[in-house]
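Presented below, as structure tokens, is a lone chain in the form predicted alone.
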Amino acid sequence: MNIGMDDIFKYAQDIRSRIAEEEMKMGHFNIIITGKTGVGKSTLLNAVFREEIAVTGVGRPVTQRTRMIEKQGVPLRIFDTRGLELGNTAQEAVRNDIFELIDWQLKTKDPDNFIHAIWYCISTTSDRIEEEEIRWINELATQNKHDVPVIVVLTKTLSRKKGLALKSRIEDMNINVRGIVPVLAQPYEVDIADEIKTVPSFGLVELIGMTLQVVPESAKNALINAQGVDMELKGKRARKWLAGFAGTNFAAGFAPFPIADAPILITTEISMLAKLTTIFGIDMDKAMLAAVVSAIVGCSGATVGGRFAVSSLLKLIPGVGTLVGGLINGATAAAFTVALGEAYIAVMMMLAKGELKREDMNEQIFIDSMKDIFRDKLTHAQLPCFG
């Protein structure tokens, strides 16, 4: 089957359209972030998520004391409350706002609107935690009517030892939270004997992992997409989906007529690339997607085409020929899908980690990167790659 540039750009556009569909299906991860003034909520949000999402003064008011922060292209809604100042008459109003907000979202009866988690932030720079604050956290965490998981985030943890000590103290209070995570959202410089040393950030991967464990399944894909600290988590999720696509393509090899194989496989590969793209949350424009298709065609055409031609002829032989032909086609299709998916995941990982820069990248660099990885995956699948 000859594929020209018009076909390549058509397939790229098909992938773009499917990406838009996947993004619509994915929905949003909705989170409330609260705590006293100055605990570093904005710094935490900008460090955890893949876009600088918390900008001073930006956000749509949803109550008198809560604003909703969104950014186009990120499946995330953050509900940020005013600082909970203990002893302040406005504190009770903030509490009421939070409960009313959760109620409003539940009344929509749309899981995409539900509040999926609450991060309650406490700064480790404070020497003590007031009993009233503990009571408020426990009140949030024990609302059976809402059943929204609460995680305590110990922000500004310049000392791991101090952070772990504070975590232990809170655990001893037996409050009903799902977890307590000390974090340092940004690297911190300290001057020791006239020498500047940097304390690296930590705890963000653990925070995302703990949050992922407690949110409903319907919100997990959006959270994995929106977060920007754990690339291995994105890769793991992508490979889970890849296994399913490979199984689909193995089954496609048993289509009763030889001519039926190719359209089924093309549709599956388009769906697969779209799904993998949405997991990583990387904006792939049409030119980049065309480069992916070009790499696939350039590396795999002779091998896969030849193998399918042989197995299609075998299918025409009555009886055992259909089974043998199907097995060859199925194995080839599955191996091709895994090689393509693994190559695409590898490129996505390089882009996500900054090892492959969009602005420094032209189409040929992308094609070469994709092709090299694809060749390697096909070789390990014992399908030699020609060309």
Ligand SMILES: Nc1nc2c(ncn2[C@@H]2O[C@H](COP(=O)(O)OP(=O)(O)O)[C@@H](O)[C@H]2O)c(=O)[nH]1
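Keep in mind that this is a model prediction, so the values were computed, not measured. Numbers follow the displayed sequence, beginning with 1.
Keep in mind that the form predicted in complex with the named molecule is not shown, yet the notes after this line are about it.
Though the partner is left out of this view, residue 104 does not reach within 4.5 Å of the named molecule in the predicted bound form, counting heavy atoms only. At a distance threshold of 4.5 angstroms between non-hydrogen atoms, residue 152 is out of contact with the named molecule in the predicted bound form. The named molecule in the predicted bound form comes within 4.5 Å of no heavy atom belonging to residue 113.
Using a 4.5 angstroms limit between non-hydrogen atoms, residue 185 touches the named molecule in the predicted bound form. With the partner removed from view, the residue among 234, 146, 156, 275 that has a non-hydrogen atom within 4.5 Å of the named molecule in the predicted bound form turns out to be 156. The listed set 50, 28, 65, 41 contains one residue whose heavy atoms approach the named molecule in the predicted bound form to within 4.5 Å, identified as 41. The stretch from 177 to 185, 70 to 78, 235 to 243, 275 to 283 that comes within 4.5 Å of the named molecule in the predicted bound form, counting heavy atoms only, is 177 to 185.
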